[in-house]
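Okay, so here's just one chain, in structure tokens, the form predicted on its own.
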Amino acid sequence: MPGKESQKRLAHEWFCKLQDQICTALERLEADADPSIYSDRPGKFQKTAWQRGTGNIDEGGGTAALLKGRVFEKAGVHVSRVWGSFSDEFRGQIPGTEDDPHFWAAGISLIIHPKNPHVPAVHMNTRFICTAQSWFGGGVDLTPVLDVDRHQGSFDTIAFHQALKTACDAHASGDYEKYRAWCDRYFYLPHRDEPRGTGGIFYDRLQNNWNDDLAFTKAVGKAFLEVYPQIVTRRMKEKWTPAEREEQLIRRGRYVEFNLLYDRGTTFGLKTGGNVATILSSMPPVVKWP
């Protein structure tokens, strides 16, 4: 098993590689769109480097990649690698910080809001965190925005879950049924009494064999990279009505509610000095509340 510094380097290198692969795949879909449906020019990712810390204090940073295109109304694929000390508010809440508040964390986070209501939105995040302990965590979940697609029997949801089950089944660190149930519990809006979408997987504090945990985390990213472009390719050919667009915008309001009220990642990022623009890039570009 590699030493702690090598673990950090290998994890961060993977997140950067996956960011490049996902951006390339999404730009390819932008370029392949039917011009009779998508008349605008294909979008390209704009990458922006950011730094954490103030003055001469180096606390890491990351690269934000944002696309505003014709297929993807807004897509953010961000990588970060940060370090420092947790505030008194977080000491004791994060494993391994009871006696030492220092931490190191790297990860990739993406959110995709397609323009076409027939194409589901999607979220993915995987990360490696080091305190006095170290672990992997993450998840990926699908959010169809039309009621006709928001059920477990839809073709998109079946394909999505099958890809994630295959990734889980191939690795000792994967437990599809456990992670699927965890996702369903986490991505739920209590005040609406409804799920955010049709699920996926969610896992945290994965502390088995490090090599196996990294391999599984890579498999999650690869599964997303395989299945989501397939879903987009199939669904982006469908034309939509003004009524379907209206339904999409209202459904996006639920997404905003979840991220601001319940999402731990949003709260964690804002309270630990993260890049505000990157954290809030998960918000849909256009949204309505009836």
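Don't overthink the numbering: it's just position in the shown sequence, from 1. Keep in mind it's a predicted model, so treat the numbers as computed, not measured.
Quick note: we don't show the form predicted together with another copy of the chain, though the next part is all about it.
Is residue 4 close to another copy of the chain in the predicted complex, meaning a heavy atom pair under 4.5 Å apart or at it?
-> Residue 4: no contact with another copy of the chain in the predicted complex.
Another copy of the chain contact in the predicted complex: residue 78, any heavy atom under 4.5 Å | No.
Taking heavy atoms only, is residue 68 within 4.5 angstroms of another copy of the chain in the predicted complex?
-> Yes, residue 68 sits close enough to another copy of the chain in the predicted complex that at least one of its heavy atoms falls within 4.5 Å.
Any of the heavy atoms of residue 24 lying within 4.5 Å of another copy of the chain in the predicted complex?
-> Result no; residue 24 lies far from another copy of the chain in the predicted complex.
Counting only heavy atoms and a 4.5 Å cut-off, does another copy of the chain in the predicted complex sit next to every one of 153, 159 and 172?
-> The answer is no; none of 153, 159 and 172 reaches another copy of the chain.
Partner-facing stretch of 57-65, 26-34, 260-268, 234-242, counted where any non-hydrogen atom is within 4.5 angstroms of another copy of the chain in the predicted complex = One stretch meets the cut-off, namely 260-268.
If you look in the predicted complex, which residues in 181-207 sit within 4.5 Å of another copy of the chain (heavy atoms)?
-> The stretch 181-207, when checked against another copy of the chain in the predicted complex, contributes 191, 192 at the 4.5 Å heavy-atom cut-off.
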